[in-house]
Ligand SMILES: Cc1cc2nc3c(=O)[nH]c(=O)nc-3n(C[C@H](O)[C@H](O)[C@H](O)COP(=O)(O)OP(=O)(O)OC[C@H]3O[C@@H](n4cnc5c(N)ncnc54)[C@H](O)[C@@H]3O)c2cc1C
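One chain comes next, on its own, written as structure tokens: the form predicted on its own.
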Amino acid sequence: MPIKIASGKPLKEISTLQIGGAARFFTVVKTSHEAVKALLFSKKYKVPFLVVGKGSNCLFDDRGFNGLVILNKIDYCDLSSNIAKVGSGFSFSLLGSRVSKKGLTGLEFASGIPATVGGAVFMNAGANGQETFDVLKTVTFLTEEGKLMQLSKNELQYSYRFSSFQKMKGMIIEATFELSRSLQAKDMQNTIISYRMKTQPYNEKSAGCIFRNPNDTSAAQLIDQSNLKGMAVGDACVSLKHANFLINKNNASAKDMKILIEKVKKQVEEKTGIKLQEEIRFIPYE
């Protein structure tokens, strides 16, 4: 069966920041077969494609995206002993909770991170001294030509908030994780999620942390020390609760958010001499 392709989908509806214009083309994929069809549609009609999971680390353009946006809903999770085989559209936070409840350690930090498994692998998401690639075993990747390939961890490059997939054209379909047994896994996961709920603006429209942490310090601390909490451009505002979260108070535009990001970077550099780098991805119209 052919996949359904829509047009004019407002990207703010699939963004945790709730910012962005409309996609020229839009589809939802729930299987690898549908993902293949989506990428072949992109190739056939010579339009760029963008894969989105939770839409939590993206700032879409106010004009939208002049191509095909693929919403990833490949969301199965199979646990066998200490191995988790997970669809790339599965909730990373739910995965962290589920494996911790089973007494498996390595993904406690995932709880509360608003990402899919594919997004977490793509960014090598991490927190609390843990990273996604610490326990990653293999990844099934779909090339832009529609071919599936399985890659082991040692075939991939990764570092802080980086993976090889950021330089590859295609789509992550599945990831397997090799975990270890721990009686403390559930308690650690509960501690992490409790701390996040207290210190991060979970009820606000945000994209998570906007900036990468520089060596030996945190971006939040630098922004806080620069007295920038509450700084605003239009409805884009530095959170009063966590300085590395920039929130959409009501109806912020991408332009507002970009100006605010640049102002924060400039003032932090003037105050501290440190130049912050964005963790959020800017998605241009073209």
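One-based numbering along the sequence shown. Keep in mind it's a predicted model, so treat the numbers as computed, not measured.
Same protein, other form: the form predicted in complex with the ligand, not shown, and the subject of what follows.
S.K.: Would you classify Leu107 as touching the ligand in the predicted bound form, given a 4.5 Å non-hydrogen atom cut-off?
M.R.: Answer no; every heavy atom of Leu107 is more than 4.5 Å from the ligand in the predicted bound form.
S.K.: I'd like to check something about Gly96: if you look in the predicted bound form, is any of its heavy atoms closer than or equal to 4.5 Å to a heavy atom of the ligand?
M.R.: Result no; Gly96 lies far from the ligand in the predicted bound form.
S.K.: Taking heavy atoms and a 4.5 Å cut-off, does Tyr202 contact the ligand in the predicted bound form?
M.R.: Although the ligand is absent here, Tyr202 would touch it in the predicted bound form, with heavy atoms inside 4.5 Å.
S.K.: Taking 4.5 angstroms as the cut-off for heavy atoms, does Ser239 touch the ligand in the predicted bound form?
M.R.: Contact check for Ser239: no, nothing within 4.5 Å of the ligand in the predicted bound form.
S.K.: Does the ligand come within 4.5 Å of a heavy atom in each of Thr116, Ile172 and Arg281 in the predicted bound form?
M.R.: Yes.
S.K.: For the chain seen here without its partner, which of 49 to 57, 218 to 226, 33 to 41, 248 to 256 has a heavy atom within 4.5 Å of the ligand in the predicted bound form?
M.R.: Looking at the other structure, the answer is 49 to 57.
S.K.: Taking the ligand in the predicted bound form, which residues of 196 to 227 have any heavy atom within 4.5 Å of it?
M.R.: Arg196, Gln200, Tyr202, Ser206, Ala207, Gly208 sit within 4.5 Å of the partner.
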